[in-house]
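Just so you know, structure 1 and structure 2 below are the same protein chain in two forms, each on its own as structure tokens.
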Structure 1
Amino acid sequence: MDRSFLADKDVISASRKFVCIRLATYENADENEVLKGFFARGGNLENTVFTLLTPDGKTKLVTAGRSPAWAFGGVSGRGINAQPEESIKKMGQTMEAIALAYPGKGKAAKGSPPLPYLADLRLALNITAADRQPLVVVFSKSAEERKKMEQELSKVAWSDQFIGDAQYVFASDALEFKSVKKFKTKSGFIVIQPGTFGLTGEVIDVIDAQLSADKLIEPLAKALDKHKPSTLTYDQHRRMGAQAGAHWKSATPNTDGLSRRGGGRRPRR
């Protein structure tokens, strides 16, 4: 997905008026079918899909494609006529106009929204590596303790200081951490540095599970500051991954590029 669009401050500001949904391609068969309904050349789901929808989730309000550039123009995808800065500005303006057209009904719920959990720890390591962000795991074998931890962490995660700075997942079984170095079977907010290729991770810090939101702020900020994002370019990442034999096995078949390569051939790994 095109970070130049999604990292723009005006786009981020406009996004707070939307319900933003991130589906992990090839990780859920039902979600794959939803994505194919929006964009699938030759009937094949591609690796990334972007569009904006009406509140019922059925009608596309902009051109669907592999990235925002397909809808707003830019340096990738189908639209190459507009300048990137103009395209990004157009995205923010379009989102603001859509938000005015669909203002929503009723009042917002009180309190902080739930944590934006990723599906599971294995997938979370891969996504955070790709997004070059740290991962915070709410870990406890007790569902009751996890609920209390989530309530406190959500107050912090959605604050202006932390919003967008990390991603989140919960875990209840120590076996889920089999690919994470320096893990100890202790409940807590576990901050992880994802491995370069998203297959492994390493614990940066473990924060006391009993801390209230106001006591969480300082240790969480210090832990997130220890994260060191990858500086590899896309080509360097692909080359080094191939040399290392790194391979992500998705839950459903990867069909990216099948239509463009003639349909019958298997995608390259």
Structure 2
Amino acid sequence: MDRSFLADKDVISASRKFVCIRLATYENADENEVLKGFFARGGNLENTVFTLLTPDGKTKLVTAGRSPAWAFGGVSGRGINAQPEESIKKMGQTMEAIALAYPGKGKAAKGSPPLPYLADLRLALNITAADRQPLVVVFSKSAEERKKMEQELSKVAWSDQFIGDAQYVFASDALEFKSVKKFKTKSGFIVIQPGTFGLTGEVIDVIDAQLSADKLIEPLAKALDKHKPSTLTYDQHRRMGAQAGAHWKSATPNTDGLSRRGGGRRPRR
């Protein structure tokens, strides 16, 4: 059974009261600096970072570290998917408490939630493979058309039916799809099955770019249902990926471990 912090139902429930941001470490120099502002032993960015922040993104509300275990107790490194129940419970309770202290603007918030985009299609294939989720690409050469598509899709993406079920990225150039099979250069919501190792993808379905939110629901649900997640274990994935020559080069140098030896400290409390 998965007993990781971020798979816990109470933590997921509390997360709906937060804006959840997950970055890919070492893939963007500016974001690296943001992360280092919250956690960087010896000034070096490490592979993983976790913290909770005020809505302005300036103040930490819990101890920052490599994982939630640094703030709530638990296990780092091997065994991260078998966290003590009390630590997971503490995370959920702390998030609920913080949500009470920062309840948000509710309906007074101006505008509507944007699509939670990933940075680019190359990275999106990798991340959705890691998450074992389908990827939806808002594709149009026209910025105006993309904006309309985003507005309609965002209403669906944040609905109870679809929230958390897929990830999103936009593309304006067919060349971005060079590693995606069955792609045809036509505007639309392109639903993609990422390759096992996140270097390739295959189009599952293309949904008409002109559809309004209410008309998007059925075809999107059908398309997402066609996604087949990888069933490899972590070790199988790593071994088979190495055998297949699957190789990822991050955009900036990996600085993990430069200021320490032997991995992160064990934060059990």
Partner chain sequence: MTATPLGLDKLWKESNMERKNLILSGILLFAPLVFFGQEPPPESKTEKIAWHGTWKGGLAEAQRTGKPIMLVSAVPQCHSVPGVW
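From a predicted model like this one, the values you see are computed outputs, not experimental measurements. In this text, rigid core is short for the largest set of C-alphas that superpose within 1.5 Å between two forms. Just so we're on the same page, residue numbers count up from 1 along structure 1's sequence.
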*Either 1 or 2, the form predicted in complex with its partner chain*: 2
*After a core superposition, would you say residue 57 shifts its C-alpha by at least 2 Å between structures 1 and 2?*
yes
*After superposition on the rigid core, does the Cα atom of residue 102 shift by at least 2 Å between structures 1 and 2?*
yes
*asked:* So that I can tell if residue 111 moves, could you say whether its C-alpha shifts by at least 2 Å between structures 1 and 2 after the core superposition?
replied: yes
*Would you mind giving the Cα movement of residue 66 between structures 1 and 2 in Å, after fitting on the rigid core?*
2.6
